[in-house]
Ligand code: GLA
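Only one chain comes next, encoded as structure tokens, the form predicted alone.
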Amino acid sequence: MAAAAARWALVAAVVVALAVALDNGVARTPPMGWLHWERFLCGTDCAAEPDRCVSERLFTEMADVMVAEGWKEAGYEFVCIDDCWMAPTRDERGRLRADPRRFPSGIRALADYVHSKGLKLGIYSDVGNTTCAGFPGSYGHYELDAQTFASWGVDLLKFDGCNADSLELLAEGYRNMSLALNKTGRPIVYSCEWPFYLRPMQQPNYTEIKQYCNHWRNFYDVYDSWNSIKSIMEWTALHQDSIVKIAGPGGWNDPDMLVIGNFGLSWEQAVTQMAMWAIMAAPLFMSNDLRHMKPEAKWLLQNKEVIAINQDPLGKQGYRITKDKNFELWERPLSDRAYAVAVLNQQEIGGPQNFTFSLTFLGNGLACNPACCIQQILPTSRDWGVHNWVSSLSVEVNPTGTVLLKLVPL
């Protein structure tokens, strides 16, 4: 009897722990915001490069622009600090601290400033002994660091996976930080890299990961290049059977940052990233310089129809349904029986090409049954009119470009 009672007590404790970790009330739709890493990396020389230095000035200026130029109104609400914000050592009480030269006011003051703009602040740490850039990690300090972040008013934690000594410690660290964040009582979005660091050795348990994380990286860091965007999309398609079904309100697959508005993508490739990140129900975290943004990049990133697809409350991730030579056809089920459809042309030579497909391909034949209204969202807005479920569409797509459509049933 005593043994049985002990077993039930253990089960009850596990259930309570999972209940605390499972849903902190955030990330009901994919989070949106701005993150410094891809564009600004680990810039720490504020004297030589003041505009590119990871400092409180960078984040206050981005917050100002996000409010003044419509980013907040479009849905981008997080201003996120990545690696390299810390001092080289913890303080005398063992707490993380910001570099005093680059963040002289401290993170609490920065959070207060960001909150005064109606925005939220994100911060970065690592599950291991040190961060990827060599700053103090959270290993052995999970509860203390979670309490510190909460006391500062942090709203999101990006938790990296560098320098963990074993897969067991990696998993234990991600679980422990999740529980520690929830224990603070502050709703903090928890962004994990857990499956990415597991994958070289073992298949991630996405059911477990979603119990602890609000979104999670599966693949390498995004670069400001077409090859990087292309490899992320291909990896996602190849693994969609294991990752698509787990995504939904409270937990999302994260293909990494939007690099639109930087240097490496053509216009067509920028359209492709925006369209495909919407189809994939991806967290939309830009990494660019919002202070110097070209009008066309701003238009694309703030496009209300694309963002509405990304933020659709049904919360189902899209997937590739066919690949035909250089063309790919993707779909995403939306609320109210609507569908988003992306036609991607992977060809990198020549001119525009036509891709023709039957609407019976979509939604297992139900997307346009018996009829639907089709609206083109990208690269330009266009009304395609009413079609029935046996209609065929012929879509012209530029090399490395994407045409994004929305189908609304009648």
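Note that residue numbering follows the sequence shown and begins at 1. Everything numeric here is computed off the predicted structure, so don't read it as measured data.
Unshown form predicted together with this ligand; subsequent notes refer to it.
- The stretch from 266 to 274, 77 to 85, 238 to 246, 91 to 99 that comes within 4.5 Å of this ligand in the model of the complex, counting heavy atoms only, is 77 to 85.
- Residue 133 is the only one of 293, 198, 321, 133 with a heavy atom lying within 4.5 Å of this ligand in the model of the complex.
- Think of it this way: in the model of the complex, this ligand has a heavy atom of just one of 124, 339, 216, 330 within 4.5 Å, and the residue is 124.
- The shortest heavy atom separation between residue 37 and this ligand in the model of the complex is within 4.5 Å.
- Within 4.5 Å of any heavy atom of this ligand in the model of the complex lies no heavy atom of residue 145.
- At a distance threshold of 4.5 angstroms between non-hydrogen atoms, residue 155 is out of contact with this ligand in the model of the complex.
- By the criterion of a heavy atom within 4.5 Å, residue 221 is counted among the residues contacting this ligand in the model of the complex.
- Residues are counted as partner-facing when one of their heavy atoms sits within 4.5 Å of this ligand in the model of the complex; in 160 to 188 only 160 qualifies.
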